[in-house]
Structures are given as C-alpha cells and as structure tokens.
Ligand SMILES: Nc1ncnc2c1ncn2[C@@H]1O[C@H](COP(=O)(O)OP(=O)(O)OP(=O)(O)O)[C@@H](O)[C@H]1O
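Listed next as structure tokens is one chain, alone, in the form predicted alone.
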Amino acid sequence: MKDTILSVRGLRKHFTASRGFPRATTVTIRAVDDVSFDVGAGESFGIVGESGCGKSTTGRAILRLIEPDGGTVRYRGIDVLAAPPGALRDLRRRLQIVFQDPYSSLNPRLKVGRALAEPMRVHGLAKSADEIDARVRALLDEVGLPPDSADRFPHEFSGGQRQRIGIARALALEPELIVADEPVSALDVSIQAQVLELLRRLQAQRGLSFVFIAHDLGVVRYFCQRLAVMYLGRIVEMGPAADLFSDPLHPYTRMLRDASPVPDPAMRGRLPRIEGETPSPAAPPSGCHFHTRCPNVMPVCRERYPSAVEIGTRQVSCHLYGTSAT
C-alpha cells in the first residue's frame, strides 16, 4: 500500500436509547464496534454494507463530527481524537466530507458563492474579496458549473448540480482526504456516473485520498482500490476490491455480491436467495453476528465472535478460516 495518511484503530461509537412502554428501559446500540483500517495517499478506500451497519457513523466519527467513545484516529501521525481546538481547526482543512443529501447539507439562505467563500474567510486562505471571488469561480468551473452559479440559491439547482456544489465546498480548503458518505445514492443513475467521473478526475488532479461509503457494490467496484465490508458495526472482510468481488471469503460479502443487479437475463432465478433480516444493533446475536443468516453456520459461530485472520492480501473474520474450522 502507498504511504499511509489515515490510520484507524479500535474505533468505537455506542449510542443509548430508551425502549419499551410504559416502563422504558435503556439499551446500548453498538453502532461502531472495534473498527480498524488504513488509507494510503491517493487511495480510494471503500466501506460497504447494508443500511444500519455503521458505515456512515464510522465516517463521521473519523472526522469528529460525532465524538467516538474509544479507539484512535491518526492523520499523518497526528492523533485526531486527542487534538485540542486549535489543532483540530487546522485538521479541518485537511479532512473534509461530502454528505449523502446534497440539499440538506447546504444552507438554503446562502447563495452558493457565499457558501463556498465562508470557509476560505474563516481559515484565511485569501487576502481580498477579489481573490475569494476568483477562487470561488475557479472551484465552480472545476466541478462543471457555470460562473453565475455563485449568485444562485441551492433550491435553483438539480440534485446532481447540488452535489457538485457539495464537492466544491469540500475542495474549498484544499483537503488531502475526503470522506464521501454515499455521495451518489440520492442521484439518478446517469448522474451518478457523471459525479463518479468528476471525483476520479479530481482525485487524479489533486492527489486526493477518499474514504468512500456506499451500499452499492457496483459503485464501489468502479471507484475504490480496497474496501471493507461492515456488518452490525464490525468489519467482517477487508482487502483489494477486485479480490473481494471475484472470490469473496466471508459469507456476508458473498451475499452482498450476489445481491447486486446483474445485466444478464439468463442469470435470473439462478442467484441464491437472501434469507433473514438484519438483527437489531441494540440486541445483536451472540457469537458471530451473522450466524442467524449464514448458510455455513457452525456451533462455534453461536458461541463466540471470530478473530480476524490474514489470508494473503485480505483480512476476514469468520470461523470458516480460523482454528475452530478444523
């Protein structure tokens, strides 16, 4: 792997919620539970999984948009979670995010030009109003929007155009790493392709690194070099994207791949059926959390969670590959 710029170790984020009526009880939701991975310079690292698996919470915890409960996040050796306000302010320039919903992430009362200019003023990246205006228009051009977009409000744009504005805002502080939280899931398929091409071009031109969060394996396969598969707050398999698609090791990874649409009518009816529903993160199953849906379940799967095993360039947490499998 290229030089590591982001290192995440043992990241945890738990929430509490009240359940039941009339006598409510407090339950703990383990949204992110002991997540570890590295991201290299100029790399696109994907995090995939079903809704509720904790992938978006992971991305926000890395940036401290929500405060983690444990673990470490190091960016170029700097401990992000222990950074004091002054150091964290500087880190905000280097670590940015593109949100899933391009409309709710923009202030409807701010014109686009002002929304892009504000972070530049806050961080002192321009010396004059003319310089800020020039930088704003250059950003708009870079993401494929006309210069007069600066004088319009967010509601005057389409969904794809608003996501381009969100990307421009993330680029305004010249970051090195961007957390892209399902940046194309709310867009039409044709617009998704355009936005993904834009992100790839920006990555090549600026040398950006990405933590790319998605539930669509086709999107991740196109955009990412390595990926991690999450299930109920934990990474169950991680490695090169091509290997995970061609030969998935974990039964859950295989299930996700087989659930992806296949543009071949001959394959209809021949794909395995997906059984069961995702358990509640407030009450995950004992042992391996996936054993209630796994076609390869063994007695040990119900008793204890499997340790991560290194297999070539991949890491997998499954009793099929541990000492208990023998």
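Each residue number is its position in the shown sequence, starting from 1. Being a predicted model, the structure only gives us computed values, none of them experimental.
One more form of this protein, predicted together with this ligand, exists but is not displayed; see below.
Would you please decide whether I29 lies within 4.5 angstroms of this ligand in the model of the complex, comparing each non-hydrogen atom pair? Looking in the model of the complex, residue contacts with this ligand include I29, since a heavy atom lies within 4.5 Å.
Taking heavy atoms and a 4.5 Å cut-off, does P68 contact this ligand in the model of the complex? Output for P68 is no: heavy atoms all beyond 4.5 Å of this ligand.
When the contact criterion is heavy atoms within 4.5 Å, does V35 count as touching this ligand in the model of the complex? Flag for V35 set to no.
Hey, in the model of the complex, does C53 get a heavy atom within 4.5 angstroms of this ligand? C53 belongs to the contact set for this ligand.
Only one of 38 to 46, 283 to 291, 54 to 62, 297 to 305 gets a heavy atom within 4.5 Å of this ligand in the model of the complex; which is it? Of the stretches listed, the one contacting the partner is 54 to 62.
Just to be sure I understand the contacts: of D243, E182, E142, E176, which is the one whose heavy atoms reach within 4.5 angstroms of this ligand in the model of the complex? Spelling it out, the residue with a heavy atom inside the cut-off is E182.
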